[in-house]
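In structure tokens, the next block holds one chain alone, the form predicted on its own.
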Amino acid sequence: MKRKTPQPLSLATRAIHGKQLFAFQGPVAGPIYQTSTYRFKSSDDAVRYANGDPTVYVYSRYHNPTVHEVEEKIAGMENGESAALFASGMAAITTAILAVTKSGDNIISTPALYGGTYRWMRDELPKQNIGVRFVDPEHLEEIVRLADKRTTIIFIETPTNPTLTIVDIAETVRQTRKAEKKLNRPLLTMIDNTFATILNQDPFKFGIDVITESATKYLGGHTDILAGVVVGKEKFVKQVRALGKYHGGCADPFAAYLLGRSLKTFELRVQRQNENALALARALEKNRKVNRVIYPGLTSHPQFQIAKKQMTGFGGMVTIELTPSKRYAPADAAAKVCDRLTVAVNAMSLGGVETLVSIPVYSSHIFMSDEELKRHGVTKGMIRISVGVEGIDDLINDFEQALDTI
């Protein structure tokens, strides 16, 4: 009897099963193909590969069954045609940009980005004669003026790291389409969706062409892997995958396996992190030692209305700025608070089940001038909090006791 697939499948179902629906004989958990190369049944396989048959596995830098299964699952979760998995988020972002950008070209980006992305654009792209033009997210209409015949990509990150600024996705796409009419050719819109994840924000729904994400963070969720992903149209992802073969930032099969395992609990984890983050943000707003709480789900957030328009949940990231102290310099006060926490962990990452804290001027935004920090909205008294899935009362009590020390 022919079985009909229920439509549409929920995100949770897609994250658990991917395309593996209906009865079939095999393992419930997919195997790890921990191999660098593959046996040919005969040299006919080599001939088929040489003639472009993508189903022939030859070498794990090119493709791997475990990696491919996770790529398909993520593409399905994010409503994309195709996905390419990489060894890190930075490998995903840099390969995606370089796949369609050559010497003499330029990209347009909002300035507030993850520090690694910003420093790569600042320090490395000029070496390849690729320019970067920054557009104020409050004045996205400037995209039309900045775009010229050598512009290839409009790149945004929202919410931003660590200031949680919200960039209007729909307006970014609208202004890009106006720029395309001016230039009479297409431009590629690309987003770093790491902080929001597909659970809280669907960029494709607003017309974005390409999603990049550090799968190390919420997709992985257990602080035990490095991975990155690019999701988009099949034709573009094929270009990205081809360049990835040369750059060598391929995903490791075991890391891919762990990522696939983590995707099964993705919705459960991130939903709990959303709830905990909102509760912690509301509690910290009442603490006199905190000058400012930045969280897109608070009505006090300057772009709350935009966040509400484009996000279905507000994420697990909260940033606080400490009240100026007569006893401590801002960065010293931030360090003291981080050092006194007992439940939250002082570590430089995010998105895991554990609550982590970091000081942006010592972590994501090191090696930046005061002017650059100001442009990014980063201050020395900031603490970035990646809220985990612990008991919320435990987290609130932990931050309150730590703040009492300054």
Ligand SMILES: Cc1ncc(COP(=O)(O)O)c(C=O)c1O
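Values in this document were obtained by computation on a predicted structure and should not be read as measured data. A residue's number is simply how far along the shown sequence it sits, counting from 1.
Just so it is clear, the following notes concern the form predicted together with the named molecule, a form of the same protein that is not shown.
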Have a look at 138 to 146, 211 to 219, 174 to 182, 308 to 316 and name the one stretch with heavy atoms inside 4.5 Å of the named molecule in the predicted bound form.
211 to 219
So, a 4.5 angstroms cut-off on heavy atom distances: do all three of 93, 157 and 227 pass it with respect to the named molecule in the predicted bound form?
yes
Of the residues 297, 89, 260, 249, which one places a heavy atom within 4.5 Å of the named molecule in the predicted bound form?
89
Are any of the heavy atoms in residue 70 no more than 4.5 Å from a heavy atom of the named molecule in the predicted bound form?
no
Can you work out whether residue 192 and the named molecule are in contact in the predicted bound form, taking contact to mean some heavy atom pair no more than 4.5 Å apart?
yes
Tell me, yes or no, whether residue 337 is in contact with the named molecule in the predicted bound form, where a contact means a heavy atom of each within 4.5 Å.
no
Exercise: residue 201 in contact with the named molecule in the predicted bound form, heavy atom 4.5 Å:
no
Taking the named molecule in the predicted bound form, which residues along 160 to 185 bring a heavy atom to within 4.5 Å of it?
161
